[in-house]
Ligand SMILES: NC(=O)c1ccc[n+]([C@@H]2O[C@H](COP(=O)([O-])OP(=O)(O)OC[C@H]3O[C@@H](n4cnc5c(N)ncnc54)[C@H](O)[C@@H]3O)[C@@H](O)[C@H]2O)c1
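Only one chain comes next, encoded as structure tokens, the form predicted on its own.
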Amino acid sequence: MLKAGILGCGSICQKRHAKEIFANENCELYGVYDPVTERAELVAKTYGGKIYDSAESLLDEKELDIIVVATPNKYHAQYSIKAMENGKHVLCEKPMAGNLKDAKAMIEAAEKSGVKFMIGQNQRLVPAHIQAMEIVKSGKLGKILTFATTFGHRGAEGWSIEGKSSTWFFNKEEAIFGAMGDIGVHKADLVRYILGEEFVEAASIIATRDKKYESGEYIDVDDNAVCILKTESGVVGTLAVSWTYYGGEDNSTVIRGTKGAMKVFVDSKNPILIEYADNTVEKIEAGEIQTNEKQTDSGVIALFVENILKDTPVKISGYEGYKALEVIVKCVESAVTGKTMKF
């Protein structure tokens, strides 16, 4: 039985990680830490485990096999590296770090320690996205020409345990990025996964359009972004993210090729809809996708536990997390400089 400890007992811990550890027959929640003691107490009461009085004491616990880093982004690298140096397998939330230098250091720490290191890019595990990747790979869409992917909802304050404008997601020092780091990194990783290739150029406009602190001032991170990306084979597409989709969540992806277009989660009744060039249509049942309001098992904990027990390569590795983060970093650089960035 693997013993897991969780650093950070906010929404992602309470709604996914702790619940999924509790449900896994090969893993148990051994310990938790959060600077807000009440949060740690709630998780421990619901799912079991000891409450530690500091991040360091949890990281130093010899009984632990796994550390789940579910803290604000600022702390991802330092806690992950410390855990790996202590011989723990690490599951780190996305974005894996606040910059590429720290991300590299995390990968190096995993290689040096010989532990498993996984990033919580759960959109790869959505059944419809797995099927979409297989459809592209099969050639059914022909040569891929372009894509459009979107992730937008009402804002991080609706998800965050703090709520309103006091959430750490709106604090640049702790979050580093805004909507781009929160949800843009999901779609950057997803398109890489579906297309099976890397991005080589990025251009973007990133803005803060609506979110404000209680003082009335705009938050100091982005709440909207539109990016143009080019892959190594020349596929050009758009990635749009927003914390201001007040009319409902959009988590869709469209892939267009010479033989037709595949629409994933565009039509609520048809998870995958393929419109072929000859005007025929194929509808594919593929289940639902998680939303902030409707949580289902993400598959992240189950996959990580399986990778550890079977000693198999981690599918969502530090490298995958690094490449997704690189897209976000390049897009931010493009918005700041007004230039197209090369990877």
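Residue positions are given as counts along the sequence shown, with the first one as 1. The structure displayed is predicted, hence computed values, not measured ones.
Keep in mind the form predicted in complex with this ligand is missing from the figure; the text below concerns it.
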Pick from 253 to 261, 81 to 89, 167 to 175, 226 to 234: which stretch has a heavy atom within 4.5 Å of this ligand in the model of the complex? 167 to 175
Contacting member of I51, V36, A302, A277, with respect to this ligand in the model of the complex [4.5 Å, heavy atom]: V36
Contact residue in the model of the complex, chosen from Q131, S160, S113, T150 - any heavy atom within 4.5 Å of this ligand: S160
For G8, is any heavy atom within 4.5 Å of this ligand in the model of the complex, or not? yes
Although the partner isn't part of this model, could you tell me whether I12 comes within 4.5 Å of this ligand in the model of the complex, counting any heavy atom of the residue? yes
Can H186 be called a contact residue for this ligand in the model of the complex at 4.5 Å between heavy atoms? yes
Looking at the partner-bound form in the model of the complex, is I66 within 4.5 Å of this ligand by any heavy atom? no
Does any residue in 204 to 228 get within 4.5 Å of this ligand in the model of the complex, counting heavy atoms only, and if so which ones? none
